[in-house]
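Next up: a single chain in structure tokens, the form predicted on its own.
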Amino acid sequence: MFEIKKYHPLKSLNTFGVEATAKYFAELTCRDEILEFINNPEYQHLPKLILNGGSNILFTGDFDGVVMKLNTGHMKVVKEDNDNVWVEAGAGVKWDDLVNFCADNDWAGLENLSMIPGNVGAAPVQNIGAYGVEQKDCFCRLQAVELATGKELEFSKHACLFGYRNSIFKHELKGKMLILSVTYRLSKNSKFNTQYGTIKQELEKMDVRHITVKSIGEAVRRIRRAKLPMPEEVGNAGSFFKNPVVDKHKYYILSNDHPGLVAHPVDKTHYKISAAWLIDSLGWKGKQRGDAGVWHAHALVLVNYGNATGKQIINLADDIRRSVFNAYGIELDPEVVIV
């Protein structure tokens, strides 16, 4: 039987480590508990927030509703053929545990997403991605519960409307669905993506002669450890902003005015601009205001050095956004969910 707590502190439950309190808090460990809680009339009409590891959220104040933390933790093979294997993971499974489970079995697809903090349930919401791969590339389906009715639904890849760090769960269905489990299709015939970032160079440093799922995962981990702070040591939520996408006309103007601009083509008419380059070029990297700051090794990461509030961090983010817009005419959008 789960316990419903009142005025529960959330500092230890968000990777930014900011102070916040939930009016009600429930930690749920199985589908039956989830359905029982959702169907409880006392809490049905209150605002609800699902915490899936707290790794992509910034609290700017207390939450006047119910915070639900999921600890559903199964991983299992649900289908297999000569070329692929389908793995289902509960929403409460740590994302990196799923990545390691696949790597241990030499199933390819998620290795470039190694060491991303958070739980499986958050991955489709954000459509997490790194080093040239997004979770949608392996996504098959997910099971969810409609919070208003308790009805269980299945969402296909098409139904999720995945985009760049985006999905239907951040827009039309924001706050309306609770993800129970996600199923991914992994490949037994390894086809690796080593072109993005410095993966190839890191593999060379590691003296890897035969590339495997595990070796790519380890290369990504080494890169991330060198560039990014660990949340248990310095509060952060990884990349704070999305990389902006501009049309080719805007890109040509920017690249002519700023020869060092870092960008990658998205399609024939659009380019993705490095938000880190934009921020770094304006001198923000390493800056600190009280305990809120920009990480010294990566301009895209905002950090809490100890006692920063969510409002102090968002004020810093807003100043960075204005600075980038004034200099380049580009609007930066947060990747982090602001509550």
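Position 1 is the first residue in the sequence shown; the rest follow in order. Note that this is a predicted model, so its numbers are computed, not measured.
The form predicted together with a small molecule exists for this protein as well; it is not shown, and the discussion that follows is about that form.
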item	value
Proximity of E27 to the small molecule in the predicted bound form, heavy atoms at 4.5 Å	no
Contact of G73 with the small molecule in the predicted bound form (heavy atom, 4.5 Å)	no
4.5 Å heavy atom contact, G238 and the small molecule in the predicted bound form	yes
Exercise: A299 in contact with the small molecule in the predicted bound form, heavy atom 4.5 Å	yes
Interface stretch in the predicted bound form with the small molecule - options 230-238, 203-211, 141-149, 75-83, non-hydrogen atom within 4.5 Å	230-238
Heavy atom within 4.5 Å of the small molecule in the predicted bound form - residue from Q135, S181, S167, N243	N243
The single option of A130, C160, A103, L173 touching the small molecule in the predicted bound form, heavy atom within 4.5 Å	A130
